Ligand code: RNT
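Here you get one chain, nothing else, as structure tokens; it is the form predicted alone.
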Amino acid sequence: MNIFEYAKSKYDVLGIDVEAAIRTLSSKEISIHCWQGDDVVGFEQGGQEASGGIQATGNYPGRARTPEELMADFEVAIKHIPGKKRINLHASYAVHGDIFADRDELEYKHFAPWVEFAKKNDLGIDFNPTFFSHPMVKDGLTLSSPDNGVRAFWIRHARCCRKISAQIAKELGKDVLHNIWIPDGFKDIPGDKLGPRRRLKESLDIILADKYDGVIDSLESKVFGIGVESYTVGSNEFYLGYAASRKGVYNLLDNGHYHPTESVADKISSLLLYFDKIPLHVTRPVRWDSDHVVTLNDDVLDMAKEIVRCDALDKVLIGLDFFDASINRIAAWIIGTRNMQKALLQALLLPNKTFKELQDSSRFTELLMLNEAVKTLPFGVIWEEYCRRSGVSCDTGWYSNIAEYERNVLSKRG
């Protein structure tokens, strides 16, 4: 008996089908964010650092500066990530060519190179309008601004992005998650909280008025941000109420966008009772929404367990959202994505049916015992087998390739 067969036998004792878990994980798409590769700079004129509550800290050498460099880096990363993948784009990553188009003038043609890239690499695409790092963010406000001109600009931008998303979905034959996040809020105590939210509601009504095949619309809340510590217009309660009252609109959960004591895992089962989809952004907040690279920590494991226990892998749209400029950016992609996959595999390798039966029959002592016993099962052996079958290296084997790419390619960038 080899080590994998031995590990499988340990799971068999608890009625856990290892082969089924591997098959299920192999088919689950993870949406990987493009902005980790260039510190959220994008390809607009000037290539300025991100602003509007967005901050990537660090200055590790080798940042991608062009669409070609970012695509090349992403290709290197996904070669070391098992399973199915998507790429998550922001509108600021438009490929402009010789003629620059401002955000309210963007068209599908500016993202056609990304679609060809996705086809080449068997990727789905998700899409986000970019409401930050732009001179039309006035006094920290966009869709909730009292300035009609500012608000109209950003409404046009979001409407453009939904049309682009629809065309991407048509070209790929895959749904596109179109997610709206805005930085709107105030640094100090506002004199009016209702007015900005009323204007945001009216703006969203205009943006979302037209329905597009293949477009899944979501809204992403945040508890606070840099420069908007006292009041965020797009709060969880606002977006949850909006999504619940609008057919085909969803409330995206980002586990860095809540109070530190809130559990995003605990929100999943509640939302599943009312929504047929839950978009999810996975990150690692350290004391605040600092977007550190995802590690295999309790927060990520708890979210994965809840998704699997609710039989919601086909309903929860999992994306990543972190940007660490202090380490090798390609390695960050690989580490973060693989950790999300590890969490899902661990969740799939639990006796979830037995857990439920023990709870429903009030056998709480056995439930506690079993919850603790499964923690020492040989999960690592199953993960290694999954990587082997996927044609990728295990957890240390890929790093030498990234180090070589850094020496030969990244180090030669300015």
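All residue numbers are counted from 1 along the displayed sequence. Remember, predicted model here, so these are calculated numbers, not experimental data.
This next part talks about the form predicted in complex with this ligand, which is not shown.
Although the partner is absent here, residue 90 sits close enough that one of its heavy atoms falls within 4.5 Å of this ligand in the predicted complex.
Among residues of the shown chain, residue 34 is not one whose heavy atoms approach this ligand to within 4.5 Å in the predicted complex. This ligand is not drawn, but in the predicted complex it has a heavy atom within 4.5 Å of residue 220. Heavy atoms of residue 231 never reach within 4.5 Å of this ligand in the predicted complex, leaving it off the interface. Interface residue among 181, 127, 114, 239, judged by heavy atoms within 4.5 Å of this ligand in the predicted complex: 181. Just one of 377, 370, 54, 387 comes within 4.5 Å of this ligand in the predicted complex, counting any heavy atom, and that one is 54.
Remark: none of the three candidate residues (43, 134 and 157) comes within 4.5 Å of this ligand in the predicted complex, counting heavy atoms only. Remark: of stretches 316 to 324, 263 to 271, 241 to 249, 76 to 84, the one touching this ligand in the predicted complex is 316 to 324 (heavy atom within 4.5 Å). Contacts between 245 to 266 and this ligand, taken as any heavy atom within 4.5 Å in the predicted complex, involve 254, 257.
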